[in-house]
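The data below hold one chain only, encoded as structure tokens and taken in the form predicted alone.
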Amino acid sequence: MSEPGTRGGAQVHPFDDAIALAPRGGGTYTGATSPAYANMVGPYGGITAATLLEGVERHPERIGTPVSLTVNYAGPVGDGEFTVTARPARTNRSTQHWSVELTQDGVVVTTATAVYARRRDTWESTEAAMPDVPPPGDVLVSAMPDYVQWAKNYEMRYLEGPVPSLEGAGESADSTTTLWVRDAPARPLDFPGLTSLCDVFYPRVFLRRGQAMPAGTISLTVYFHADADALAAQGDRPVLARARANRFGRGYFDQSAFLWGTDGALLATTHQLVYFKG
């Protein structure tokens, strides 16, 4: 688990330190990668996605709250400084469309689009049902491999589909993983934090093949069903996260996932396209 740092004499959560952006004017910000969220190549994809969303969150022209975010990982983010540029492409009466880029040394590394909206009260219904699972306090915290640095920032309690290398398992006929997860140390949930949690799953091909192999997210989309009130109600309690793949083949697989609050509210759904070799 990463320890909180300090900024200006105040204690800062490792997550907030990792997504910190300094404004440079014109919707441009500078930031830097955090060793606490390092992955096999570059930083953990969830922290990169959260940083891009943070660029919109901080923008003075932003309206409403996020309803969708799509991040395309064009290349690996190198250790060190980077620049995030967020631009409102179009603002309508109730929606706002954003274009966001992360660059290093003048080269585009990651691109994103986001849609924000002023939400209003309407009829509602949730068809996706939260699984019937034990509460987080009844599930042991799962150990993660020491070399997976970013995972040390999360408290993970696996209910099914744990990391294969920890169990010595062979191939699996199913790619489903379900776990309770939250930031470690605990942190009240907000939109960047929820974005990062949407990428907390290890590659589904690991589970199907029973071993680690080269893999990486190419594109990640998050649909936010929670509003600010739902996030406030969730607080810093664990989120129930479930993911599964739909199709593997010719070097790529997709992944669909659901994230529920402790009270059963559907907070977000997310989809990925993942490259794999093997």
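Everything quoted here is computed from the prediction, not taken from an experiment. Numbers for residues come from their place in the sequence shown, where the first is 1.
This protein has a second form, the form predicted in complex with a further copy of the same chain, left out of what is shown; the following refers to that one.
- Proximity to a further copy of the same chain in the predicted bound form, defined as a heavy atom within 4.5 Å, singles out one entry of 130, 117, 163, 184, which is 117.
- Checked against a further copy of the same chain in the predicted bound form, the residues 188, 135, 145, 76 give one hit for a heavy atom within 4.5 Å, which is 76.
- Here the marked residues 11, 30 and 149 all miss a further copy of the same chain in the predicted bound form; none has a heavy atom within 4.5 angstroms.
- Only one of 95 to 103, 149 to 157, 188 to 196, 136 to 144 places residue heavy atoms within 4.5 angstroms of a further copy of the same chain in the predicted bound form, namely 95 to 103.
- Although the partner is absent here, residue 251 sits close enough that one of its heavy atoms falls within 4.5 Å of a further copy of the same chain in the predicted bound form.
- Residue contact with a further copy of the same chain in the predicted bound form: residue 231 places no heavy atom within 4.5 Å of it.
- Among heavy atoms of residue 221, some come within 4.5 Å of a further copy of the same chain in the predicted bound form.
- In the predicted bound form, no heavy atom of residue 178 sits within 4.5 Å of a further copy of the same chain.
- Residues 223, 225, 227, 244, 245, 246, 247, 248, 249, 250, 251 of 223 to 251 are found to place at least one heavy atom within 4.5 Å of a further copy of the same chain in the predicted bound form.
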